[in-house]
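Next comes just one chain, in structure tokens: the form predicted alone.
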């Protein structure tokens, strides 16, 4: 693989008729005044817009690119219950509030399913594998797989102890657990559908970068937005826009690729393995969307650079073959910036008078993000303390 071959391609998810038909929203033009401003129009930002407008507030929402041009439109398209940490680990770290977050994310998934329908949200479950498909390729991989077999059992036991659905999995991909409540989606299609349905009183502006956020105002290259309430929902590079959060979150790069359709209907649902670091989804048209490998090159991947790298993409080439069970042809390569927190809890924190930031989803913001957005609106408007599963 040559370095020249890693010029970022269009995101694989964008090869979709619904997305290609998106007309877009005009950039901000001049100064504006509204009751509230939302910075970042991914899943969490759009949820915040809807919540604020639903309270009767006028809202201006902005995004540096297109709606869902950041991590919200560049992720694996998994709709998984719970946090980034597996449930038994989250309980050990945070206590019973981890179960509360799990239930909140399942409720959010049910809401999305109702609003968007089965064409966008495919309720097919997910599989957590112990290791990766195929025979172990080294003694070290075999030993790691054995450790993960035991961890999958602990994960399943925690789910069953709290009445959450789980089944043992032993099939052509390997062994692990199947979680029937989870779902799959094209993440960009989800976001654009939600953006198209924002309530009256909300104005969205694409290609509008926030340069400075402070109490009562958001400064952009094309004007200033004056607003009594500001919700910052950018996740990746959150500590760049809000330097006061530099010790609370750290940006990392997550990388993916997409393939041409493969012949076998190999993956009936989203699959993640090797402790959740590697993941893949097969779209209805047969294409594979594969990501992971960050932990193998961790020092290089703690970065705000969102261009794919030679090392990780080479690893993903091999991972795609293992997930497909046959040779593949790569069509797209891309990366995204996301934020991590030290203990894995997402952030919902007031950073200035009337300014609340949400993020730090640790790579799993598709459902956690909207949950955090509702907490942010409650904090900003009502002074309600965020739940314990959100770091405040």
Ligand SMILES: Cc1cc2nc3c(=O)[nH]c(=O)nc-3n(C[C@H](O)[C@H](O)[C@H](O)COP(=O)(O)OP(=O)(O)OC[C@H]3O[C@@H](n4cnc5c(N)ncnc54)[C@H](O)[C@@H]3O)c2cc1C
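Computed from a prediction, not measured in an experiment: that's the story for all the values here. Positions refer to the first chain, counted from 1.
The same protein also has a form predicted together with this ligand, omitted here; what follows describes it.
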Check your understanding: So which of 254, 87, 204, 132 reaches within 4.5 angstroms of this ligand in the model of the complex, heavy atom to heavy atom?
Key -> 254
Point to revise | One residue of 283, 210, 321, 173 in contact with this ligand, assessed in the model of the complex (non-hydrogen atom, 4.5 angstroms) | key: 210
Practice item. Tell me the stretch among 24-32, 346-354, 325-333, 59-67 that has any heavy atom within 4.5 angstroms of this ligand in the model of the complex. Key: 59-67
Review point. Would residue 293 count as touching this ligand in the model of the complex under a 4.5 Å heavy atom rule?
Key: no
Check your understanding: Is residue 74 close to this ligand in the model of the complex, meaning a heavy atom pair under 4.5 Å apart or at it?
Key -> yes
Practice item. Tell me, yes or no, whether residue 338 is in contact with this ligand in the model of the complex, where a contact means a heavy atom of each within 4.5 Å. Key: yes
Point to revise | 4.5 Å heavy atom contact, residue 234 and this ligand in the model of the complex | key: yes
Review point. So in the model of the complex, are 12, 15 and 308 all sitting within 4.5 Å of this ligand, heavy atoms only?
Key: no
**Study point:** Residues in 81-105 close to this ligand in the model of the complex, defined by a heavy atom within 4.5 Å, in order
**Key:** none
